[in-house]
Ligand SMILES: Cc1cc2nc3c(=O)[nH]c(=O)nc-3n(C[C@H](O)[C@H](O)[C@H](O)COP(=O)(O)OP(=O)(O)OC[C@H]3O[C@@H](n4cnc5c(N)ncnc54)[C@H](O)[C@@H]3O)c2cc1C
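Take a look at this one chain, the form predicted alone, written out in structure tokens.
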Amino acid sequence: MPLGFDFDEEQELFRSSVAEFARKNLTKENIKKWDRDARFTKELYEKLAEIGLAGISIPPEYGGQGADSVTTGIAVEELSKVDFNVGNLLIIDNILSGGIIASYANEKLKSDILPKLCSGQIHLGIALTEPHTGSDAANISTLAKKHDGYYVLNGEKASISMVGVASYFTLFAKTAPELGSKGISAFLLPVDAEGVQPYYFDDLGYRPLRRGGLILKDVRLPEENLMGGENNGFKIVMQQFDYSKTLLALSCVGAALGALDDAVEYARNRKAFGQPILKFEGVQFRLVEHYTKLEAARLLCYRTLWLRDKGKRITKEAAMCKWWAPKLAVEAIHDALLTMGNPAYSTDFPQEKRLRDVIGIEIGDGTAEIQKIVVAREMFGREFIPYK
């Protein structure tokens, strides 16, 4: 995609197939149920597995599709146009936790976990954030101390997704606290391990992905559950976040485009003063402005994914995507809701849910302010970072 940013024929066919899957299976009734109950159904997981989306980016030797970054982005965008949360399920399962397991776990863990993920039998989460350390991830306080072939973990993870959904979490803890960020390690944590106590938040949006926390009291993990070696965890998760942040941004773009498309369809048929409201320039211009901005953000996201597929570093571009796209998406969905008026303020239309969901990405995985600091560091140099 270096010049025309065109998708090849295979990618376009894939886009069409995912869009068709979303239209057939992510029905209004299902989406409302998942949101109301704060959980997806087993049937959704099975259907995602049937068409290869449950393990879209997992290597083929473990039952996945081994899709590249751009192709994975296509799936996330198309699913998010219909249900933002299903698109984000792929990001957490495949990119965050699944990607780390595929790259850094030992062969036994990979063979045990990844095929079950690809078949929809289990789901994964990532546990980095703590009650007092969100964007300041280097200062987590959860400890992992090695004793006789085991690591004993104590601490708390908070504001993490997939609590009550995931069977395993990729969890980050300090194995050498005196080293700061260079003393963090990655572990695979079974949620049914003795000493793990989950709790849940009743959130505004993002509800089927179940945000909550994990309290860890003398949790024993065998040495083989360490991933990537001791004290390499911070580097591992930051590299993975560059990829996931780009996809999160693209999921916001997808949700906003879905909202605008709904608003256009409504405006074609809603009449005022004897004609469709889409004929009014006040309506047209508002929609056109949002489509223009979202197209620019969408191209930035896909260019970033294309750079990743070329083996390029994407830290700056990923942070640009992450601070900008959620902001644009919230504004676009809000105006789509206003375009549709009273009906869209009810749960009869998906606009209010899209707004609730996407607002969460303005917070999660790094706020706009943090992303701008990252961009400034990459562009101007570390000597101009205000926080060291």
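Note that the structure is a prediction, hence the values are computed from the model and not measured. The first residue of the shown sequence is 1; numbering continues from there.
Heads up, the form predicted together with the named molecule isn't pictured, but that's what we're talking about next.
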{"property": "Location of the named molecule contact in the predicted bound form, chosen stretch of 204-212, 144-152, 74-82, 295-303 [non-hydrogen atom, 4.5 Å]", "result": "204-212"}
{"property": "4.5 angstroms heavy atom contact with the named molecule in the predicted bound form for Thr367", "result": "yes"}
{"property": "Contact label in the predicted bound form: Val374 to the named molecule, heavy atom within 4.5 Å", "result": "no"}
{"property": "Partner proximity in the predicted bound form: Ile363 to the named molecule, non-hydrogen atom cutoff 4.5 Å", "result": "yes"}
{"property": "Heavy atom of Gly228 within 4.5 Å of the named molecule in the predicted bound form", "result": "no"}
{"property": "Single option in Asn232, Thr129, Ser244, Thr175 placed near the named molecule in the predicted bound form, where near means a heavy atom within 4.5 Å", "result": "Thr129"}
{"property": "Listed residue (Gly120, Gly183, Gly99, Gly134) with a non-hydrogen atom within 4.5 angstroms of the named molecule in the predicted bound form", "result": "Gly134"}
{"property": "Sequence-ordered list of residues in 153-183 near the named molecule in the predicted bound form, where near means a heavy atom within 4.5 Å", "result": "Ser159, Ile160, Ser161"}
